[in-house]
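Heads up, the chain below is alone and in the form predicted alone; it's given as structure tokens.
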Amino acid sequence: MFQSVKQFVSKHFSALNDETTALNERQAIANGLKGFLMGLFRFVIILGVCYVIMGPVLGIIANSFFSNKDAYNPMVYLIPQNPTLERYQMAIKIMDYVPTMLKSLLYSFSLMLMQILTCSMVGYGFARFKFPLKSLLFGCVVVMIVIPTHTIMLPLYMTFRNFDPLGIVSAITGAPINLMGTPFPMILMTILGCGLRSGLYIYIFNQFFRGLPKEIEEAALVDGAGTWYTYFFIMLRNAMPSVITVAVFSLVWQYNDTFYAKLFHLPQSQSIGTRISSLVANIANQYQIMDKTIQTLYLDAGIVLMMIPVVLIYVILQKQFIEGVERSGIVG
């Protein structure tokens, strides 16, 4: 009797274990299939996003090597059958590429240094000091980010077309100064903290400095450091991730800017963007190339030449830039 009961219990538990094992296997298969489908879905989404972003860029790069035959051959797509460098040779010659690029980079780099210095000081002041109308002034910084620049283009033009702050210039020279056609409008705006995207940079620095512990400044104060020494040699060094972020943003946006360059009639030698915008007209006037399709190929070559410095800057500073973006997003 006892032996039969033992055998029954043994068979029952054996069957139960087999069912549990089968259930676990089915659950594992279901989880694996679910993980595979989710991974496939993410891959398709990422691939689609990459195509939307990189598709036009790859098309521009491919078109810049097209010959005239390739441009009108419906069987050619992305890979030219008769590749040529003539588009680049012409674009380099018309744009006066190397001198213009060096001057444009020097101009953008100078404005970048001004923006880092000014915006970091303003952001540090908002993060650490209390003063009257602080909230109102910080609201003005947010307004600089939100309001499109095109809405104030006419006041900006009139201000620098007849530059006469508080009538001081007229009192000295007898007439306002016309700053159009010079880099001084951009320099003055950048130094005074209202340059291209300066509101965003002030916000980034403010958020970063707010996240740094105040004990750092207190320790520096105990050691006898003043406000300026603490800012330049302690706080600004600790804010290096945000400095790299702002530096990359500022350099790229200043380099690509065409709005202020056209508004203030910036010389073409200081803005590669204005060279690009006039490339098609110069090709039509100087070389009598009136075919719109062929003109687009030269324009694509000029765009690729313009992109090269930006890509190199990003490749060199990629690690620091990503770290700065992450730190700026987490802090605050």
Partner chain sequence: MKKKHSLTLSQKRTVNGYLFILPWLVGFAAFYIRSLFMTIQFSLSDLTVGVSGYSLSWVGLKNYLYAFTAHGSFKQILTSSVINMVVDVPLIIFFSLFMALMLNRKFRGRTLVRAIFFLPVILNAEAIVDAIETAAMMVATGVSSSSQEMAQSASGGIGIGYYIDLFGNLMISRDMLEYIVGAVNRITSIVSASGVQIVIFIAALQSIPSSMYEVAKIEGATGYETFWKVTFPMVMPHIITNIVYTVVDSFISSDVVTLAYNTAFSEFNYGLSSVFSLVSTVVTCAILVLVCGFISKKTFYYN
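The model shown is predicted, which means the values in this text are computed figures rather than measured ones. Positions refer to the first chain, counted from 1.
The same protein has a further form, the form predicted together with its partner chain, not shown here; the description that follows concerns it.
Student: Among 103-111, 87-95, 117-125, 236-244, which stretch sits within 4.5 Å of its partner chain in the predicted bound form, heavy atoms only?
Tutor: Within 4.5 Å of the partner lies stretch 117-125.
Student: Using 4.5 Å between non-hydrogen atoms, is Y72 touching its partner chain in the predicted bound form?
Tutor: Contact with its partner chain, no.
Student: P132 versus its partner chain, in the predicted bound form: is there a non-hydrogen atom within 4.5 Å?
Tutor: Heavy-atom contact with its partner chain at 4.5 Å: present for P132.
Student: Can you check whether M306 is within 4.5 Å of its partner chain in the predicted bound form, heavy atom basis?
Tutor: Yes, M306 is a contact residue.
Student: Could you tell me if L156 has a non-hydrogen atom within 4.5 Å of its partner chain in the predicted bound form?
Tutor: Contact check for L156: yes, within 4.5 Å of its partner chain in the predicted bound form.
Student: Check each of I79, I172, A219, I147 and return the one that places a heavy atom within 4.5 angstroms of its partner chain in the predicted bound form.
Tutor: The option sitting close enough to the partner is I147.
Student: Please state whether every one of the three residues P56, F249 and Y314 places a non-hydrogen atom within 4.5 angstroms of its partner chain in the predicted bound form.
Tutor: Looking in the predicted bound form, the three residues P56, F249 and Y314 all sit within 4.5 Å of its partner chain (heavy atoms).
Student: Sequence order please: the residues of 210-229 with a heavy atom within 4.5 Å of its partner chain in the predicted bound form.
Tutor: T227, W228 sit within 4.5 Å of the partner.
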